[in-house]
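Quick setup: one chain, the form predicted alone, written in structure tokens, and binding and motion questions come after.
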């Protein structure tokens, strides 16, 4: 009996330890909010390498991208997680938007198809997330169907959430407007491009993913 109990305890501890080592932190939000720029900043700070390609063209990220075993250190604490950068969530993807960005018709249609699949995959991955950083463009109106849908889905799942108002270094940014839109969550104004408030972001990650 004693041997059985020891074996059972060892299995439970192993599962808990394994789960802790596989914490998935997802970056979600609409296209061009700065998810990949933020992912690259985190990876550069702690791994010295990028995760993906950031671009001004919508839906540059069309597949789930993962960087495993990122360990951040803050105030003598450590947090290890797998960072999951997801394609931008959109209710409508029109190939003509890619053509406006200078791509050919055939390439635009190909991208639109890939982007649509990416959105579906990103939504499926919501159930895999242990915590999520919702990355919003701080210069844009947060009261959109996409933003409300993302936050609503996370709230329904009781997923720990941090909302960041990215591009807060720009004059048009309005962090307070985003906070008013989602008062139930902490909203942090950052700039993934310049590094503004990134240290505060890391501190907040311990609260939602630790």
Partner chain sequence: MLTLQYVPYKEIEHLSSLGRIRKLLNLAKENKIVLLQGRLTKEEEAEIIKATMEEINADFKGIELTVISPTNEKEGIGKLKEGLISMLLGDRQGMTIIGPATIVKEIKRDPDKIQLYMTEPKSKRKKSSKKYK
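Residue numbers count along the first chain shown, from 1. No experiment lies behind these values; they were computed from the predicted model shown.
Omitted from view is the form predicted together with the partner chain, to which the following refers.
A.B. asks: Non-hydrogen atoms within 4.5 angstroms of the partner chain in the model of the complex: do 46, 64 and 72 all have one?
C.D. replies: Checked in the model of the complex: no contact with the partner chain for any of the three.
A.B. asks: Only one of these stretches, 163 to 171, 141 to 149, 32 to 40, 64 to 72, has heavy atoms within 4.5 Å of the partner chain in the model of the complex; which one is it?
C.D. replies: Among the candidates, contact is made by 141 to 149.
A.B. asks: Indicate whether the partner chain has at least one heavy atom within 4.5 Å of a heavy atom of residue 76 in the model of the complex.
C.D. replies: Residue 76 lies outside the contact set for the partner chain.
A.B. asks: Counting only non-hydrogen atoms and a 4.5 angstroms cut-off, does residue 91 reach the partner chain in the model of the complex?
C.D. replies: Flag for residue 91 set to yes.
A.B. asks: So in the model of the complex, does residue 116 come within 4.5 Å of the partner chain, heavy atom to heavy atom?
C.D. replies: Taking the distances in the model of the complex, the answer for residue 116 is yes, it comes within 4.5 Å of the partner chain.
A.B. asks: At the 4.5 Å heavy atom threshold, is residue 131 in contact with the partner chain in the model of the complex?
C.D. replies: The answer is no: residue 131 has no heavy atom within 4.5 Å of the partner chain.
A.B. asks: Could you run down 102 to 125 and flag each residue that has a heavy atom within 4.5 Å of the partner chain in the model of the complex?
C.D. replies: The stretch 102 to 125, when checked against the partner chain in the model of the complex, contributes 105, 109, 112, 113, 116, 119, 120, 123, 124 at the 4.5 Å heavy-atom cut-off.
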